[in-house]
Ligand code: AMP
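Let's start with one chain on its own, the form predicted alone, as structure tokens.
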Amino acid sequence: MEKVLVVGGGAREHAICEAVCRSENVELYSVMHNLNPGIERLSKDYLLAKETDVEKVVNYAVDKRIDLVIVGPEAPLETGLVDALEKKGVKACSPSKKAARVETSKEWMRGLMKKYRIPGSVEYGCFIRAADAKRFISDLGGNVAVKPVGLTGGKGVRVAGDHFNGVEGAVKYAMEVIKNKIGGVAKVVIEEKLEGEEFTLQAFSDGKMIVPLPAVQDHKRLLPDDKGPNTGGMGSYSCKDGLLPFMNKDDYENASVILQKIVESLRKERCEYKGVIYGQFMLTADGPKVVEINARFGDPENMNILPLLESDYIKICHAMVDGNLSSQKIKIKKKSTVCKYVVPEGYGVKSITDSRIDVDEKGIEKVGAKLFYASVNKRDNGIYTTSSRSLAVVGISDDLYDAEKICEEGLKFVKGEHIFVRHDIGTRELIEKRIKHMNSIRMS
């Protein structure tokens, strides 16, 4: 019996744990900072601890004689968890601290793309002085994205037109990032604003090659019709052909080539990338451009894909670690999916925490939807919200709009006084709007 440890307590990790448990002869162990009821139920044993507490996680892995570790969130990668595990002889199917810099340092990632002339790059600059940032912003007419260099949980990026207007608004936020060390460094990345439709492409990587997975579109904005503040992601959808309604096969192939070249460049830099990698792309009139690269599965995007995986996930993980991904036949069901998050009221601004949620799991299952618990705490008398996302419901069907209906049916079995869902994700109206938007950009 193989012992597998999954690090992380969110819905992404619940989906990973479920995929692990579909593998043969596997025992699941978990480390999470919150008591996720879905993960708890699947695990033979678990440790409640901060995922970034490297010493605790490593000691637990050694003590339980873990054969393979999968790290869900990005923060433990930055702290060097994988390197520390490997020093103790514990295999990990996640990138090293150096390889994870594709996510943990936006400046380093952009520099890597520039050095190896990887397509999909954008015009950018990194600044420690507000005056220099202002000059660069002015040269681009204020039409920019302002990003902290380090990790901000997907909430630190602000874009012209969405979060501020004109040069002054961009400069004001750039100064805030530098002064307050948002993202952990007194430095800011300024990039040209990209016009188009965003999409996510996740892939398995063994350090040499990638196997790209179906494309997904996430929805970062809190409110319907892409209004309100940025969040960690309110939901996502995927289509049975592996593409998205506004993209074609060439767009998908070009994004895959970019990810492949990034993995090749990391190998040249002597920090082989092993594990799941994903690109957040903007599909522009000139094809896909890189918004950011991430050193893990997306959240919520992995909940669209992992439930469709028919191949043995742990065998794939070992192939990534051992550098022989080409030995695996990776089969994914040709189905469409829609995922919507249930979040605490006030999420994205100031969440109402410690509020009870009632979940009828049998009801969700009966309508054919899937449930993944996220950042909740299980207590004897029920499930309670934290400040982050609470749980996700996923609909799966041949037809995208049927998947959306199944997701909505599942959501009826989640009750709470202080919860919120963005219901327009995966609806015909919103998707047709995206298609129309992309068509207008291609014609401009």
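Here the structure is a predicted model, which is why all the values come from computation and not from measurement. All residue numbers are counted from 1 along the displayed sequence.
There is another form of the same protein, the form predicted in complex with the named molecule; it is not shown, and what comes next is about it.
- Although the partner is absent from this view, residue 274 stays clear of the named molecule in the predicted bound form, with no non-hydrogen atom inside 4.5 angstroms.
- Looking at residue 191, you'd find a heavy atom of it within 4.5 angstroms of the named molecule in the predicted bound form.
- For the chain shown alone, residue 291 is a contact residue for the named molecule in the predicted bound form, at least one non-hydrogen atom being within 4.5 angstroms.
- Using a 4.5 angstroms threshold between heavy atoms, residue 230 counts as touching the named molecule in the predicted bound form.
- Proximity to the named molecule in the predicted bound form, taken as a non-hydrogen atom within 4.5 angstroms, holds for one residue of 359, 157, 371, 316, which is 157.
- Scanning 126, 282, 85, 263 against the named molecule in the predicted bound form with a 4.5 Å heavy atom cut-off leaves one residue, 282.
- Heavy atoms within 4.5 Å of the named molecule in the predicted bound form map, among the stretches 94-102, 266-274, 192-200, 131-139, onto 192-200 alone.
- Heavy atoms closer than or equal to 4.5 Å to the named molecule in the predicted bound form belong, across 200-226, to one residue only: 220.
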